[in-house]
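Given next, in structure tokens, is a single chain: the form predicted alone.
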Amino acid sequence: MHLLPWAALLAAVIVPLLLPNEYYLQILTQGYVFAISACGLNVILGLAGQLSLAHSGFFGIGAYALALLATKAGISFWIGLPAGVALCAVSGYAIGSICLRSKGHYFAIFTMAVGIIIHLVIQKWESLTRGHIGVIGIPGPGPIGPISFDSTLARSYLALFFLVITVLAISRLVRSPVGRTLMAVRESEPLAAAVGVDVMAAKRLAFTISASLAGLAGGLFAGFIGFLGPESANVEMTFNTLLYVMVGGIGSLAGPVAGTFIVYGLSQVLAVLQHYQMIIFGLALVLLILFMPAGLAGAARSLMRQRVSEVKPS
């Protein structure tokens, strides 16, 4: 079981070298970026148990922060990226302090409204964001010493590097006292408060981390694609990310990554069925909820427990 992460990492390193052309390599790179965003949503949803529908808004903030700093101020990718993440962290802390006063469905609706507002600001503030025209000519990551990121292959490995760092950081978070606190809040807020946990502070921290990772993914997306439009911050982007997490398994470490590649990969395969794509995904989601409510990760855990119980002597 412990060999699986290393096998997955080895496969991720080898696969880019085997792809036949840059189109597939570009899809793989975007998959890595969207997986980072899915991991971020999993922090607030899977660890803290709060359904935030403002995720694409923070993705857009991170993307536009890097894009505008690069095109209007001439700031490099390597400065613009952490600046965008910092802006998302500050925004997430401030917005979370307000949104997290509500609970349950009210919180989800509140955050969805926040996401829509962010999207509208990006869309309508034409003097800054150029509205529907978008931002073009966004410079990608510059070289670090002898290492250049001009090729699609190099950018794919850079995206993989950030994804690995993200997964490792969340893994450390889960195993830390902070992670256990977040999971205690997820299981029962009243019980967590009764044993002395600052529930509001814990949820606000999870919201801030989630927003920061969304901003990281957004910045990478803008730098790799080279152009940006307001659709990068629309609500559909949030629901796509939510689908990635649900398919992979809410609360698991590898689930959001696996779910991203399965759903995003299928979306590319089914791109020829433009008008029927969402019908197929909707049906798949219904079947998933009926037969695998814990996602692929939950199904894998159940299968593993079943096999272990069969091996044990009676």
Partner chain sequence: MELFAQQILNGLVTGSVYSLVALGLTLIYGTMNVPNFAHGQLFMFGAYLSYALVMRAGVHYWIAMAIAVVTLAIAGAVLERSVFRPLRHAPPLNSMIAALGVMLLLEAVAQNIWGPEFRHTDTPYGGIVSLFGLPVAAHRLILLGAAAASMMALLVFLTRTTAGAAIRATAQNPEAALLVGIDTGRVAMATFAISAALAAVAGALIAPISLVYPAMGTVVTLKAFVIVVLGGMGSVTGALIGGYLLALAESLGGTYVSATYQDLIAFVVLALVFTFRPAGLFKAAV
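Just so it is clear, the model here is predicted, and its values are computed rather than measured. Numbering follows the first chain given and starts at 1.
One more form of this protein should be noted, the form predicted in complex with its partner chain, which is absent from this view; the next part is about it.
query: Of the residues I79, L168, I136, I117, which one places a heavy atom within 4.5 Å of its partner chain in the predicted complex?
result: Of I79, L168, I136, I117, the residue with a heavy atom within 4.5 Å of its partner chain in the predicted complex is I117.
field: Contact residue in the predicted complex, chosen from L45, V247, I36, A70 - any heavy atom within 4.5 Å of its partner chain
entry: Only one listed residue qualifies here, and that residue is L45.
Candidate stretches 145-153, 84-92, 209-217, 235-243 - the one whose heavy atoms come within 4.5 Å of its partner chain in the predicted complex: In the other structure, the partner sits against 235-243.
message: Taking a heavy atom within 4.5 Å as contact, would all three of S102, I109 and V286 count as contacting its partner chain in the predicted complex?
response: Yes.
message: Can you tell me if A201 lies within 4.5 angstroms of its partner chain in the predicted complex, counting non-hydrogen atoms only?
response: A201: no, not in contact with its partner chain in the predicted complex.
- prompt: Is there any non-hydrogen atom of I98 lying within 4.5 Å of its partner chain in the predicted complex?
  reply: Judged by the heavy-atom cut-off of 4.5 Å, I98 is in contact with its partner chain in the predicted complex.
message: Whether A258 contacts its partner chain in the predicted complex should be assessed with a 4.5 Å heavy atom distance threshold; does it?
response: Flag for A258 set to no.
field: Partner proximity in the predicted complex: A113 to its partner chain, non-hydrogen atom cutoff 4.5 Å
entry: It does: once its partner chain is placed as it appears in the predicted complex, A113 has a heavy atom within 4.5 Å of it.
- prompt: Does any residue in 120-152 get within 4.5 Å of its partner chain in the predicted complex, counting heavy atoms only, and if so which ones?
  reply: Sequence-ordered list: L120, V121, K124, W125.
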